[in-house]
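Only one chain is shown below, in structure tokens, and it's the form predicted alone.
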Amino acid sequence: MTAYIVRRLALMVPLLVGVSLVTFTLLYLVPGDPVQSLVGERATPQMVESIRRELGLDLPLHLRYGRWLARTVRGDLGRSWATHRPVMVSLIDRFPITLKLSVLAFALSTLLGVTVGVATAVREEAGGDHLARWALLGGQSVPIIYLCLVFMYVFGVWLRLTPVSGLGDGSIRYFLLPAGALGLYTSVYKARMTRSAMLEVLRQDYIRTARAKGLSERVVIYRHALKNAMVTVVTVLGAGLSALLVGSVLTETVFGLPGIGKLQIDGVYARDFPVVMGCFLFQAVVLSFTNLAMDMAYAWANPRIRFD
């Protein structure tokens, strides 16, 4: 197991370099002048040229990337062009907000997704199962931004149960709406995948044998069926956690939460390339370590899986 972890960590290095190279190239190939976006239309050509030299934008693309990579290896992600604040400091300050939102949404989506998935699989072909399947299909078709707006109006404006937007004092009240919308949105996929995995396991011969031995339905479902379906469920949960950590951009933007997703959107609008690069690199690191943790969970869910 240790050798496998070391190999995976070593493979992360070329992966992160490749992601950064592609992202860096695409950012600088986007039409438009980032310096003009920073200084406005009234700046003189001399001022624009001076700022371009100061930011290193007068250098060839490969030299710009080499300078950025050299700084990044030393732990320096540069400074924001718009605020002149170190990008690493901005990421560290905003990560707790994104983490809190993601943990709450993950807990809600896991509870709903696994519970609904198991319940609909056990009651296959029942009347409630057909209704649940249509509801899951419809829920997966609703855009997350629409769901956020519905939550804001119903629970924030109409019922006035929680604050509509912003961070306020940072208490959990300000995270209930965004976490609820994001958790409900991601629970649909988890429910569908859990249901499919449970149905496949429930049709196996050893499940019929367990029932023939007189075991209670609860023991058959939770000790035999769900445990063996956990490999697929763990995959879905791991992918869902990654999506929550790096994909809460729209949710944070709609609800005005100053997390990493909001930072990334603001950086894109301002053409603040150091901020955008820092956010993308952070997301790549999170995805890499989450996938590694998910592989480790495979061995826990299924003892037959070994990485030696």
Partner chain sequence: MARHPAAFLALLVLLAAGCARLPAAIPEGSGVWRGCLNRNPVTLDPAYVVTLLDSSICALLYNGLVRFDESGRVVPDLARTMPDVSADGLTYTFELRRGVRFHNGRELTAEDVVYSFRRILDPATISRRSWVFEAVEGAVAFNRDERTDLPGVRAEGSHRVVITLAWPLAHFLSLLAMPAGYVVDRNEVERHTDPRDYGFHPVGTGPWVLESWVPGAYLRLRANPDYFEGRPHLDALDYRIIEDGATAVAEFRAGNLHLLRLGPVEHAVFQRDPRWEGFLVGAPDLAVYYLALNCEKEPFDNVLVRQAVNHAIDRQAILEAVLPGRYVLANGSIPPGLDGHDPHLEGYRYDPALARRLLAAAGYPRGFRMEIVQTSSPGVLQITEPIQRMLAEVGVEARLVQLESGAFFATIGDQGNPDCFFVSWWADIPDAENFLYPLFHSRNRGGGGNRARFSDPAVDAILDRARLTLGAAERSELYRDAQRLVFSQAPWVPLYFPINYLACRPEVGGFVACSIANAQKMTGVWLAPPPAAD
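Everything quoted here is computed from the prediction, not taken from an experiment. Positions refer to the first chain, counted from 1.
Heads up, the form predicted in complex with its partner chain isn't pictured, but that's what we're talking about next.
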Checklist line | Stretch in contact in the model of the complex with its partner chain, which is absent here, among 107-115, 68-76, 185-193, 82-90 (heavy atoms within 4.5 Å) | finding: 82-90
Note to self: Looking at L167, L147, A119, L99 here, can you tell me which has any non-hydrogen atom within 4.5 angstroms of its partner chain in the model of the complex?
What the structure shows: L167
Check: Which of L281, V254, L27, L57 has a heavy atom within 4.5 Å of its partner chain in the model of the complex?
Finding: V254
Check: Is M47 close to its partner chain in the model of the complex, meaning a heavy atom pair under 4.5 Å apart or at it?
Finding: yes
Next item on the list: Please check if Y153 has a heavy atom lying within 4.5 Å of any heavy atom of its partner chain in the model of the complex.
Entry: yes
Next item on the list: Indicate whether its partner chain has at least one heavy atom within 4.5 Å of a heavy atom of I51 in the model of the complex.
Entry: yes
Note to self: With the partner left out here, check for me: in the model of the complex, does some heavy atom of R271 sit within 4.5 Å of its partner chain?
What the structure shows: yes
Check: For the spot marked by V39, A43 and P258, is every residue within 4.5 Å of its partner chain in the model of the complex through some heavy atom?
Finding: yes
